[in-house]
Structures are given as structure tokens and as C-alpha cells.
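Just one chain is shown here, as C-alpha cells, and it is the form predicted alone.
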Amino acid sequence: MKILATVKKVVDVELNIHVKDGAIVEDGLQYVINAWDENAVEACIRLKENNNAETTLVSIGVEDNTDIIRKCYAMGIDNAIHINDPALADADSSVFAKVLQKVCENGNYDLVITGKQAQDTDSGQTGIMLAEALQVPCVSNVIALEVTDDQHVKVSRLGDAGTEIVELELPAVVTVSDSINEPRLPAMRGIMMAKKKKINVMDLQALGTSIDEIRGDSPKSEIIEFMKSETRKAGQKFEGDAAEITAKVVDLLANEAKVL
């Protein structure tokens, strides 16, 4: 079995992000592996350990993704591809999906595992768009994954009414939730070995395509500007008789907040 995991390099959202003139201030930003993608990598490695699968990582980005790729190598990924092309600087979910489609077609993978969303855009579309482009089954928000035989996997996903169990015929795409596992911390031996492993860096031409073929006549979406979120106003604290407080709160909710 050949498994592909996708990884995106994103801004560390745990840090303060500043916006000026409709753009993110780049000074002082730090970048990390997307949290959900780290869960996807862990899921990929566990399938490798339990089913003797061959694992490959692909990361798309015009920046230097070496650090996050080597972290995935240290965790246990076998092979890595970095799609690096200046034409992808403003890529949206649709473009990412079509690039990944080319990677999948070239690699003939049985299973693609992606994070359910990226923590910088929270879009959650790329994996599902990829499955549509490949015309293969897809299950999103997966919390458990098991290989049943050479042609099928069984997944559990969080649905609106509870946990849903679905059997998928391969090839397929799944997008995983952060509830699926706890990503491992790379061991020192893995970190040292990862430094020596080759990263296959490719541009769109080497992938057998072009930005015009992938994007079409115009982008499907475009970021117009970033806006700083409003600061939450200080709350009100009430003390005294419970009946009086209740009446006052109900009055404020109805007449000031307009929620009743």
C-alpha cells in the first residue's frame, strides 16, 4: 500500500499576529507545521507500522519548507516531495487541490491523508476538492482509521448525530480531525537520520503542468484584506438579590443585546 500525507507550513497562531493596512505584518512571525496535518502524518506512520505501507509526504509552498519536512522525516515518513514554484505564491484551495491531483496521478497512491483544515485559513476544502478531482471516495473529519484488506479501509468520523463508521474502497482520500491521535515526538535517532534524507524539490514544470493549466482563466478566490478582530468589551458583574439580578439580566438581554 502506498500512502500520501499532505503538510502545510502555516503561521504560528499561538503568537500575536498584527495587521496593518489590510496586510499581516511579517516581522517577527514564526511558522510551524499545520496542527491537523501533523495528525495526518502520525496516522500515515501508524498505518506504515501496522500494515507495512510505503509513506510519502508532500508539502506545497514557495517558502523554505525544509524544517517541517525534516520533522516529518524524523517522525517516520519514508519519502518527501516539496512543490516549490513562485507561481503558487497566492494559491487558494482549488489550486492546491489541482497540484496535489498531479502529485497523486504521478505517484499512483492508494490512500491520501490530509488534515481536515489549515489553521491559517480554516478553509477545510483542499482534501475534499482533491477527492473530487481524482474522482475517488472521500470521508472528512475522521477520528479513526483502519486497513481491513488490500482494497478497503474502515474509518470513523464525527457526524452531526454521532460517530459514523464508513468503509471505503481504495483509492480514497480522508481528512483527519485532531481527535484521531496524539502526534509523536521525534526521537533523537530519527532527528539525526532526517538530516541526511533527500527531499525531492519540484516546480510545476517538473510536475508536468503549469499555473495556467491548474488555475484556469482566473483564481477561484482571492484574499482582499485582513482585518483585526474587535476587542471584546468588558463584561458586567451583578451582585445582590437573585430575583433582582435575574430581572435585570433579562432586561439587558432583551433591550440592549437584542438576543431575546
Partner chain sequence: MAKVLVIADIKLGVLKSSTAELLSKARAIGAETAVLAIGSDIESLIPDLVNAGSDTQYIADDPGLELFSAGPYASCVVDAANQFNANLIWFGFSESGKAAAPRVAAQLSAACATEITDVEIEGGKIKVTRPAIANKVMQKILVNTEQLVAVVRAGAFEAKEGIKGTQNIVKLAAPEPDLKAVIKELVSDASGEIDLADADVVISVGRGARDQAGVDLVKELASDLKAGFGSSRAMVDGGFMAHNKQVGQTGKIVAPTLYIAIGISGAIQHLAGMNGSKVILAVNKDPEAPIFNVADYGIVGDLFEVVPILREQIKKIKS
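Numbering follows the first chain given and starts at 1. Since this is a predicted model, take the numbers as computed values, not measurements.
Below, we turn to the form predicted in complex with the partner chain, even though it does not appear here.
By the criterion of a heavy atom within 4.5 Å, residue 160 is counted among the residues contacting the partner chain in the model of the complex. Taking non-hydrogen atoms only, residue 106 never approaches the partner chain to within 4.5 angstroms in the model of the complex. At a distance threshold of 4.5 angstroms between non-hydrogen atoms, residue 149 is out of contact with the partner chain in the model of the complex. In the model of the complex, no heavy atom of residue 95 sits within 4.5 Å of the partner chain. The stretch that touches the partner chain in the model of the complex, counting heavy atoms within 4.5 Å, is 226-234, out of 226-234, 188-196, 65-73, 207-215. With respect to the partner chain in the model of the complex, the three residues 11, 137 and 165 uniformly fall within 4.5 angstroms at the level of their nearest heavy atom. In sequence order, 166, 167, 168, 169, 177, 178, 179 are the residues of 166-194 having a heavy atom within 4.5 Å of the partner chain in the model of the complex; the partner itself is omitted from this view.
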